[in-house]
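Form predicted on its own, single chain, as structure tokens, below.
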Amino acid sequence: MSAPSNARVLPVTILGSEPLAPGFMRTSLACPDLACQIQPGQFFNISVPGDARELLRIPMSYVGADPSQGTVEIAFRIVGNGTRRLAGLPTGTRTDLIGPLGHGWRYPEGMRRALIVGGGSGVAPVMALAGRLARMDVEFHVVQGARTSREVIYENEIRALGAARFEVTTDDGSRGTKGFPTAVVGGLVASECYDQVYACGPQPMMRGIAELCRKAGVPCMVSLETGMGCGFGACATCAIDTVNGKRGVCVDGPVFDAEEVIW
């Protein structure tokens, strides 16, 4: 049975939103309690006002938090009514969220070099990770996958954090290597000495990266994205199959060792 969550309902105020790329938004939130507690890889469920028919909160990963200012930044793709409303909330809107939720990324003792792979909106959950590795003086390389060159996000921020290598793949070949991140990850894990690989993105991408890492003998962690009804283990809608039985992504994850997941 999953351990109970220690998440709480917290008040939050929208500080502002702006376009990040076509179909992507970045939003700044004022939530001091969350900013002081949330760890890279964790998430929260936010209530989006504006449609009484939609009762469920929206799960959101975070890009970064500033405890001194009490702020949290999120980035998301607009994919439906909920995220469309969230993108349109005016500055000063007050709502609430449940968080922090889940278990985040882990850092093996003695880690010196890591590979971070983010695909699509999966780049957002690895941004806070990159910042943490930078503060730990761990060398990190980044592979970002996007549909087109216009959807490559947070490149300047990633480079500013000190990424020793930054590779881009695009589905249409408009920038970098044409194809998915797996097109370059295989070569990297075979030629570079990584102590850990971290991945977040579409499930087929993560499954492919997990297999490449298994063959190369490199440990891999993945952050899974599934439908989450409650966020704290009550509804069981996000249960997945693992080698250790059923696990709830919201409480046992969203970060799992790749070899634990039954793909």
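Residue numbers run from 1 along the displayed sequence. Given the structure is predicted, the values throughout are model-derived calculations rather than measurements.
Keep in mind the form predicted together with a small molecule is missing from the figure; the text below concerns it.
- Proximity to the small molecule in the predicted bound form, taken as heavy atoms within 4.5 Å, picks out 122-130 from the listed stretches 122-130, 90-98, 168-176, 142-150.
- T226 is the sole member of S47, T226, S28, Q37 with a non-hydrogen atom within 4.5 Å of the small molecule in the predicted bound form.
- Heavy atoms of Y198 never reach within 4.5 Å of the small molecule in the predicted bound form, leaving it off the interface.
- Interface residue remark: T71 is not counted as part of the site for the small molecule in the predicted bound form, having no heavy atom within 4.5 Å.
- Although the partner is absent from this view, N81 contacts the small molecule in the predicted bound form, with a non-hydrogen atom inside 4.5 angstroms.
- The small molecule in the predicted bound form is not approached by A210, whose heavy atoms all lie more than 4.5 angstroms from it.
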